[in-house]
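One chain comes next, on its own, written out as structure tokens in the form predicted on its own.
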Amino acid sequence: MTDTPKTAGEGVYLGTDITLALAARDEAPLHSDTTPGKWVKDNLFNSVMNSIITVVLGVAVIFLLTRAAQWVISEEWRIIQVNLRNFMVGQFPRDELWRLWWSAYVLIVGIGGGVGALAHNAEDDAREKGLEYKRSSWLDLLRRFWPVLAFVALMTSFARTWLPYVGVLVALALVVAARTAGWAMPAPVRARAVQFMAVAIVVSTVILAGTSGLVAIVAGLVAYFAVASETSRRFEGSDARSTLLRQLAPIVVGVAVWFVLDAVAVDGFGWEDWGGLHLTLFATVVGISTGMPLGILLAVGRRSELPVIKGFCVLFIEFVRGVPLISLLLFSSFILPLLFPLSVAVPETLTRAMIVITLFSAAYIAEIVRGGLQAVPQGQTEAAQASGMSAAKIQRLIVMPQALRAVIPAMVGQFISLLKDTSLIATIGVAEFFQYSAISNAQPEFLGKEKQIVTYSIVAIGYWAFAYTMSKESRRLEAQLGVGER
């Protein structure tokens, strides 16, 4: 080998052999004329040992595929057909199933229309700033959400009546129509896409669970955040009147919505009797949507200079993160009711469980957000203070967006973990998606027939479909925001 260095580029020295190799690589054709047979011979049967390994692995793969095909076309799946409704919605009464369908349709119309409007708003904003914007096609959406769609198609294939097929087809048609209509809305209507989605969430929840209790509280919180978004957009001034409207209007509207819904009796089917995949997804969404803002507040509070606030946040975070979720669920189910006075009504089991899941999720999210806050350079905060910005605006407009952008992977990882952790509520007697695998196998018709591999496979596919979709969306968001790039 020749060690004489030669210049290649500006100030970069490469050996002669490396230079020749790079030149050969640059001159190599972009395609290969190698036939499949020659590729197989060169890569799989180029020696005695590789030939033996290829044959052994080939026989093993053929055997596994054959057994898998026999298992798929066998009668093993009857347990899923019989218990399909249990896996999806638990013991939801058959004569009340219309609530599920109409609630889902309202939610699809609201969210789909809002997403279409927000996408159009983003395109208009990008054009005004001279930036490139690529609208997602239906094929792009199919690539993004194919795991969930495939799982829905799999579960629908087990239906023994035509109603689930019609319901799913109507839902897909509404997705297309709502997104198209949202995109075509006039600009003044599109500007209120967030409020449109908030109304759809409230109406969907009322159709399903009625108006009393926590439903009214949730509706009040949704109304609060929707109005807060609207007032923040309309009253951007710093005068006293604008500040007062931004602070009071969301509170007044949120309390009014809560009071009206709690006072007006509208029948529903409360979430205490929900079950199956429906309950799993609901508990996950509640844990994420309520745990994230609470976690952000805890993260900011832990960095506070006030000893009382900082001490409380540190104590809460470290205590919750120091004990397993299952112990908190058992405490909420068996010990907490004993601490309530006799004159006070104890919340239902599932309500207490969702509160525990929210607090548990908030503690972990707080530490994730705190890590993002520490990654924001202190100089940016000092520059904002020097320009006269208030502490709240500095956090909302400068620090928090950068912190949340930096912790997207960890945040989504926590959301995926929360989706799987909801299976622990089975320990307090709540039948969610995972628990119905054991319930199905305990039925007299299937007892002792060892169908666990079938039921647990379906459960695993369901968890994977939603977890993988969340992971894909996380990577897409990271790419859009340029996470990890300078």
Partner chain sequence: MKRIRSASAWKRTAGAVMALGLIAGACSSDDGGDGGDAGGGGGDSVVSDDTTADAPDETTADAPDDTVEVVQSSGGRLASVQSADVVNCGGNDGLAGFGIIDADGNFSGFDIDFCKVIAAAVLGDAEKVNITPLVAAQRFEALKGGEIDVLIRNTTWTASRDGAEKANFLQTTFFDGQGFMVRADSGINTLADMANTTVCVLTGTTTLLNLNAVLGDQGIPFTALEFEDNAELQPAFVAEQCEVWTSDASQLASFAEGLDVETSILPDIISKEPLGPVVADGDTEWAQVVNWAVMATIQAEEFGITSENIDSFNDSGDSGIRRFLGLPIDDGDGNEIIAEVGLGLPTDFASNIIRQVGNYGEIYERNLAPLSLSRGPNALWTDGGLMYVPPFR
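Here the structure is a predicted model, which is why all the values come from computation and not from measurement. Positions refer to the first chain, counted from 1.
This next part talks about the form predicted together with the partner chain, which is not shown.
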Output flag, Leu315, Ala431 and Lys449 jointly within 4.5 Å of the partner chain in the model of the complex, heavy atom basis: yes
Of Trp138, Tyr133, Trp162, Phe319, which residue is found within 4.5 angstroms of the partner chain in the model of the complex when only non-hydrogen atoms are counted? Phe319
Which of these residues, Thr180, Ser212, Thr349, Gln195, gets a heavy atom within 4.5 Å of the partner chain in the model of the complex? Thr349
Where does the partner chain sit in the model of the complex: which of 144 to 152, 168 to 176, 221 to 229, 303 to 311, heavy atoms within 4.5 Å? 303 to 311
Does the partner chain come within 4.5 Å of any heavy atom of Val40 in the model of the complex? no
Look up in the model of the complex whether Pro337 has a non-hydrogen atom within 4.5 angstroms of the partner chain, and give yes or no. yes
Taking 4.5 angstroms as the cut-off for heavy atoms, does Gln91 touch the partner chain in the model of the complex? yes
Any chance Asn86 has a heavy atom within 4.5 Å of the partner chain in the model of the complex? yes
Which residues from 435 to 461 come close to the partner chain in the model of the complex, meaning a heavy atom within 4.5 Å? Gln435, Tyr436, Ile439, Ala442, Gln443, Pro444, Leu447, Gly448, Lys449, Glu450, Gln452
